[in-house]
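Take a look at this single chain, the form predicted alone, given in structure tokens.
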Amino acid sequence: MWRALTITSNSIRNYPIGFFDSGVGGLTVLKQLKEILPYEDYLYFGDTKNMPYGEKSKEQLVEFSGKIFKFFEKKGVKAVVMACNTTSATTYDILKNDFNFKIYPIIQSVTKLFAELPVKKIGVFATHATINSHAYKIGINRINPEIEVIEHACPEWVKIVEEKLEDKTESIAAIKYDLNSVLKENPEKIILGCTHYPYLIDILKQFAPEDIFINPAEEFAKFIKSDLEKAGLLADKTTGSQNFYVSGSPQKFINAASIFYEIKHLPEQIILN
């Protein structure tokens, strides 16, 4: 939710939108939103020093997210996109009322759409932290308790993507194993519940029909645009900018990001306090 801002002018609509994730996966969401909102200013923070989030404790995730929100607060953003399923699942409800800007958590923003699908059984691939929170299951079943949600953690997938290991025999075997674990339950759709996972679609579709997989980033971007429009917060200018920040190595981020997004300048390394 969003505490009311004291708006004294229309200038707030031209404030930037913040994005964050543990690494480069959130760039998939940024790419989707930039395509439909090209004139916004975007700030992206990759918390690569603390990656992967999926294996961190809830207390650690709250600490990391809180520091990133404070960073964006100092940058004067109008909204922050939690482009990370793990933090959306574990920290949003704790931090959502502590900051004076809009906050868009990916899971809570898209589960209503998934609950309305004409299916009886949905699979969810995600990190351990997201699966342990049952955020997708709770969100879907709150609206439609008739849908059976099959949850499965894929702890190796983020590393496979970030380190570009998808062509390795052992990586393909791990992906196939996780996929088969869910396919045996006969889901009608499978949510790729981590922003890194859509990158693996070329491998996944070797073992299952491509249209069974759902990339939440697409619907998430549409939701953000619609909500900003309703709030009168869409930028009213004709150019947009992008700035990138990382807590770890800028060069490693650039290298990993190349699979998702073209970043033309080295990100600024930030030490969060």
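Note that the structure is predicted; figures quoted are calculated from it, not measured. In case it trips you up, residue 1 is the first one in the sequence shown, and so on.
What comes next is about the form predicted together with a small molecule, which does not appear here.
Only one of 141-149, 92-100, 111-119, 191-199 places residue heavy atoms within 4.5 angstroms of the small molecule in the model of the complex, namely 191-199. The shortest heavy atom separation between Leu228 and the small molecule in the model of the complex exceeds 4.5 Å. With a 4.5 Å cutoff on heavy atoms, Val158 counts as touching the small molecule in the model of the complex. Residue contact with the small molecule in the model of the complex: Pro216 places no heavy atom within 4.5 Å of it. Taking the partner from elsewhere, Gly54 is found to have a heavy atom lying within 4.5 Å of the small molecule in the model of the complex.
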